[in-house]
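The chain below stands alone, shown as structure tokens; this is the form predicted alone.
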Amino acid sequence: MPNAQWRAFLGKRVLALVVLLLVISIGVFSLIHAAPGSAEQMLLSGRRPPSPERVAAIQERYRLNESFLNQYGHWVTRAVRFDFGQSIRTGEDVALALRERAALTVFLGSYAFALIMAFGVPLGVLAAVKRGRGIDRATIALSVVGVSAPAFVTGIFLLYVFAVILGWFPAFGAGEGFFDQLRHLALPAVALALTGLAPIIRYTRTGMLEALDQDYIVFASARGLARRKVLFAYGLRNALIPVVTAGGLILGVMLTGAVLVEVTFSLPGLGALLIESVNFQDVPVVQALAMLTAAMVITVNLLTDILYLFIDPRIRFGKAAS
């Protein structure tokens, strides 16, 4: 693809996503003003009745005596530098608290997403190839059960069976080191993955069914090409666009939706931090988590759009070949 087209495409997409992030930031910043009570009360939540000097210091730090736009401009300027102030609950730097917790959440979300793609795509292909047979119906039933059960309920079941009764996996803790983490986070990753398995199976199965009915599949088979090559090199590649779309959405959910799973397995990730901060009305931490979540989802969507161009050469910067 020409470099000029690449730059134009990426420039437009990045600009649109930056504008979206700015709009989201206005809503996130407004949390402090939308909550009941004054902004000073929100920022002093959890403390004993503050002295007038303490209230004045809070007003000066957050520029609460200025207009909303001035306050927002001051906040977003600091947020761009990853400066979200200090936690009301612990007094710790918010950015530091997020960095300490984010690694675990990203690892867990990526682990669950890898399981979804590793099992969902092959099961979807198998269901399409065995259309109408017992394995097709069993695969669909498995995906329905997975999407119907909340992740924290599945997590409790897995925890009880595989950690308490069988003792195959640790009941709590995140582990240290890559392979130790793989073992400690296996159950929460499976619990989280089961909720996202159904869309991948469904989209893969539907895409493969459509691809297998195309003439080029018949011609490829007639030429004597191996069945595996026909299925994966021709069929699956042309069925991947809806799978990539669903995968991008699911990756965002896996990275940001592990709140209840982390609580179920007592994992010190961003989900647990969010619940603690909401319960304590720790506004700076909640604002930072909301912006981090939005940034992750937006970044995943951008990477998904770019991936389209490599999967299907007929797609060029938002236009499909006729």
Partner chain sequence: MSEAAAPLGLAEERIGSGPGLLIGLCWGIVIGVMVLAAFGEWIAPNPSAQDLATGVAGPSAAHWLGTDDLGRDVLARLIVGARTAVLGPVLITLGSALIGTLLGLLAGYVGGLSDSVILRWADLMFALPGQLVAIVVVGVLGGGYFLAVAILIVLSSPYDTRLIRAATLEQRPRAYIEAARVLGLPGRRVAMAHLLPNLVPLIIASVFLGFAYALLALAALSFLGLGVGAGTPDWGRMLAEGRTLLFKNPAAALAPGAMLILTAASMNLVGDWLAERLSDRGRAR
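Bear in mind the structure is a predicted one, so any value in this text is a computation, not a measurement. Numbering follows the first chain given and starts at 1.
Not pictured, yet referred to below: the form predicted together with the partner chain.
- Interface residue among I135, V153, L96, A118 relative to the partner chain in the predicted complex, by the heavy atom within 4.5 Å criterion: V153.
- Here the chain stands alone, but in the predicted complex its contact with the partner chain, taken as any heavy atom within 4.5 Å, falls in 127-135 among 180-188, 75-83, 127-135, 97-105.
- Using a 4.5 angstroms threshold between heavy atoms, L302 stays clear of the partner chain in the predicted complex.
- For L31, a non-hydrogen atom is located within 4.5 Å of the partner chain in the predicted complex, even though that partner is not displayed.
- The closest non-hydrogen atom of I24 lies within 4.5 Å of the partner chain in the predicted complex.
- In the predicted complex, A288 stays away from the partner chain, with no heavy atom inside 4.5 Å.
- Contacts of stretch 119-149 with the partner chain in the predicted complex, defined by any heavy atom lying within 4.5 Å, are made by R131, G132, D136, R137, I140, A141, S143, V144, V147, S148, A149, listed in sequence order.
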